[in-house]
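Only one chain is shown below, in structure tokens, and it's the form predicted alone.
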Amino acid sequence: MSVTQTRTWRQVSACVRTHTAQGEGFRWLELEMPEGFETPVAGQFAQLLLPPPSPVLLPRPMSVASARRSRGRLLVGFLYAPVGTGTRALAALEPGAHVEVTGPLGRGYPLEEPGTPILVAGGRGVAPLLMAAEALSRARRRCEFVFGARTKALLVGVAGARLRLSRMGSRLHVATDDGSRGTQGTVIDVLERLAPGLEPPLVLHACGPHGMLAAVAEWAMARGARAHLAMESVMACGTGVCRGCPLPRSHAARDRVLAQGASANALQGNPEWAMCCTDGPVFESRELDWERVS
């Protein structure tokens, strides 16, 4: 069992430490957490609830992008784009403001899994994977880091990513659909080029749009590699209670849950449907039915 499966969550009031623009419409939010909030691991998320008066009633699910300690205080960072009513309201928060946070939530990447780690990021999916790369580095493991986007403008923080990865002894490989930076093509084109020179077994950890994740899953399953994919969904509660974030299980996963019978955790979906917030958000590729993932 992964350590991320045994972690507990809390609802706390956190203070905005820094909140800055990151270019191309993205923002970096770092919150100072109170004592007792567990340190998140790469792949986990938190629910951020805006203080009243707020234009939205429900919290916003945010993938954790960093977790560090400064002067004994836990600082948790998030990279996001203000695209809806809730995230635009979040973008207006100034340092010193408070926001309700529920977390850490969900299952993270099983970075302890043996094999050659390949981290595959699409767009803003780079942030939690850089966090994963740093965790691997602390365990004295290098990784291959593949970063793809439609155009170079959407390669969020690519220069800083290259520097950080170089310091860890890892390599960055960039791809853009339009060829404006790195390889012209997709992350799959880069994987095809890289894989023959890497020592098996390969273990992929990915974060990005569902279309990219489906392509990574298909590539990995066709080659007998394992792929752990951070999925996104609309999450109202983040704890499995509201049943609002279902993802279709594969036949093998359905049979496994059926075999568990009464011992199955009710908050982790049912035989047909997994809950993104509790079964995931990180899923091994063979756990989902990709033909039905929307």
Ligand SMILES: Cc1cc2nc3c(=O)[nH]c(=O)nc-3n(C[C@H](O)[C@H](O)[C@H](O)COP(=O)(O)OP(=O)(O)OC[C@H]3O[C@@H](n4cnc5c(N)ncnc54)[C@H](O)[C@@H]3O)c2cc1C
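One rule holds for the numbers: they count along the sequence shown, beginning at 1. In this text the structure is predicted, and so the values were computed from the model without any measurement.
Below, we refer to the form predicted together with the named molecule, which is not included among the displayed structures.
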| query | finding |
| --- | --- |
| Position in contact with the named molecule when the complex is considered in the predicted complex, options Ala227, Leu247, Met62, Met33, heavy atoms within 4.5 Å | Met62 |
| Of Gly157, Gly86, Pro110, Gly185, the one that lies within 4.5 Å of the named molecule in the predicted complex (heavy atoms) | Gly86 |
| Partner-facing stretch of 73-81, 113-121, 129-137, 148-156, counted where any non-hydrogen atom is within 4.5 angstroms of the named molecule in the predicted complex | 73-81 |
| The named molecule contact at Val41 in the predicted complex, heavy atom, 4.5 Å | no |
| Close approach of Ala252 to the named molecule in the predicted complex, 4.5 Å, heavy atom | no |
| Residue contact check: Ser66 to the named molecule in the predicted complex, 4.5 Å heavy atom | no |
| Exercise: Val234 in contact with the named molecule in the predicted complex, heavy atom 4.5 Å | yes |
